[in-house]
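Quick setup: one chain, the form predicted on its own, written in structure tokens, and binding and motion questions come after.
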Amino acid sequence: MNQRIEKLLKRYVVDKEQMKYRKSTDDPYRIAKEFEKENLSHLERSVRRLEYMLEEEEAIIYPDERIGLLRTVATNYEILTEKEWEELKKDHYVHELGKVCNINPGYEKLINCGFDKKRKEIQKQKECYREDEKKLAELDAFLRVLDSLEAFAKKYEKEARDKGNEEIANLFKKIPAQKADTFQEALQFLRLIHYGLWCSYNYHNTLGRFDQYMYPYFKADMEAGRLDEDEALELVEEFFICCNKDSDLYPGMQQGDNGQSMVLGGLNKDGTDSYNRLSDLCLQASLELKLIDPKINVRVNKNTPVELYEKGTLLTKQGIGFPQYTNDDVVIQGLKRWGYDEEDAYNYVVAACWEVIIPGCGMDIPNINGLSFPEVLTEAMEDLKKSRSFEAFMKKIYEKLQFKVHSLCEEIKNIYMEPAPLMSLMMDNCIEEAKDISEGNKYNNFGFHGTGLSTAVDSLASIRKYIFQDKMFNAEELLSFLKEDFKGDESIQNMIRYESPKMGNDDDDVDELAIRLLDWFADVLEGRKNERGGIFRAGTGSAMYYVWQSKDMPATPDGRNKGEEFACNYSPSLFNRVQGPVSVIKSFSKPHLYRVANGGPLTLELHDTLFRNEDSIRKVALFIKSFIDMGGHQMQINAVNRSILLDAKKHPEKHRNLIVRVWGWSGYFVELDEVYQNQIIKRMEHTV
């Protein structure tokens, strides 16, 4: 990076100079109370919130910036009062915060045409709906959103001229009214509408296939001689820094869980790969900056050369927990099997963490709930006493799983989401049909995580071995061990905890149990429709459920204590003494992963000493490639050092910039809640 980028990095990431411009946090329900008094529609409230936010935002410009915008309003304002939310939830299923979130808008729908042209498109549709007040209100909302963002851009144009930054002033003189023509204009346009989405209280706004929709601008500038690669890299790095200026204001489980995910590369329908020179620059920018945003995801396949994995491994070496890899050979097959059009399947991105979504036309909710495999097992344990064989007990497991999945599906009725007019402008058919994206779109599928798979598989393997094969103890005795949390039976616990068969050791008998559980999960969801006409998709991710669903879970037959966390995502249990990482990827590539392609990576921790030289980098790269070539669906790797993590807990002031992968996102270790810090420390360090 050059000196100017180093200066921006110090200003916004190290010194956090932007904090001095933040307005103090206000009552998040303040404007909602005014809306309630006026009895405004929810659509009108959504528009007014954005108008209010952008009017309140102060324009902050530095003379040395080439891409502008900085958040100054620290409050995320609600459009409904607490009482209104309470009443609404009596009759509606409200996912998370009730906002449109975790989808990928088609940013190019605005960047490639500009607001003036988009207004003409909207006005034309108004002529088609002259007698429909609801649709006219929606179209008017679209127009007001464009007006509000353009007025905000003009505010920045004036401030930039006043501060002597003619470069940014000229950017905002042209965009967003007119389409972008250069790479810098396109980046500033993207920053503007991405900023507007956050001010609209839409969150987890993934950046999607950045290297695809930005590539035409990059290519045109390079061919015209307006940019060379060093200048292009400088612009990419500044845009990446912009993603970190305001991330403390974005809602999520912890800072870092903000959904700013970027996908690079991917197969085209003709079998060629879309990875390009801009993709390379994004990897290089992330490598040089070492920031938690944007999260880098790389789409790979069986023909991906090892050299790309080596580039990714150099990034992993920095300890920031990405890139995450997703296998096109598995995911595209899974999407087409679920009914996605071939063109859309090839165009997939990952959402905030790793869930698979379609940009520009998908209103999928890929993280609507999570199935706990250990909970299914626990609910079946009383049937163990009546089961004459292991297979008889497995039938009970299937019945419990079937009932649990059915119950999860039935919970999701009459779903509510706030209107999102700005987001709607970047989604297919919303202008043409004068409807809000919150009402649904081409794809309206719901995704379920599958949590604690290795805990359930290891427990079943333990039951099979010690009760039905070796007959070391009977069902009543096992239930007693579990009820007492192994108190007084520590020798039994140690035996089943550390000596019983485990998933992750390339044991076909154990791994077959994982295949069955995941197939059953997919089977039970097969053909089931949700209330929006979409399907339910099974996945192998955990999100925060590996903590949430485990904290009250009683002891399990794999030797796990009451309340002990499950493994994060699709991974071996925390106390599994695996034979090595190669045995892990062999075990975890055996299931029919195209059937559970909602998302959920094999998550592994490799000791940071494995990344010391070129030979070790290539070794790790080949390891990752092997998992993909075996048919693995997703992988993320942490380069960790347990002693450093322990020291960071004791002396956080010495490790402010220590970054770790949490589940589907990376964050600063010292800023995490202790429960997540401890779980990361307990994860195994493997050697290759």
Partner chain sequence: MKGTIFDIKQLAVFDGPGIRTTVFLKGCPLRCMWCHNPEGLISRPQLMRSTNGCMQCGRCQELLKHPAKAVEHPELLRVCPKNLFHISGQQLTVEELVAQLRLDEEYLKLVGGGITFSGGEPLAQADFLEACLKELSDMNLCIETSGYAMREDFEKIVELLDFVVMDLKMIDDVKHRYYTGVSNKRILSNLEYLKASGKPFVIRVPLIPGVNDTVENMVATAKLLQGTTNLQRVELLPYHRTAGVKYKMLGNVYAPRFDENREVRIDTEVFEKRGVTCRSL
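Positions refer to the first chain, counted from 1. Here the structure is a predicted model, which is why all the values come from computation and not from measurement.
Another form exists, predicted together with its partner chain; not displayed. Remarks below refer to it.
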Pick from 606 to 614, 195 to 203, 566 to 574, 87 to 95: which stretch has a heavy atom within 4.5 Å of its partner chain in the predicted complex? 606 to 614
Quick one: of D506, D140, D428, E159, which gets a non-hydrogen atom within 4.5 angstroms of its partner chain in the predicted complex? D506
Among P294, P581, G370, P421, just one has a heavy atom within 4.5 Å of its partner chain in the predicted complex, namely P581
According to a 4.5 angstroms non-hydrogen atom cut-off, is S41 in contact with its partner chain in the predicted complex? no
Closest heavy atom of M495 to its partner chain in the predicted complex, within 4.5 Å or not? yes
Report yes if any heavy atom of Q469 sits within 4.5 Å of a heavy atom of its partner chain in the predicted complex; otherwise report no. no
Although the partner isn't part of this model, could you tell me whether S407 comes within 4.5 Å of its partner chain in the predicted complex, counting any heavy atom of the residue? no
Joint contact, E490, E499 and K586 to its partner chain in the predicted complex, by non-hydrogen atom at 4.5 Å: yes
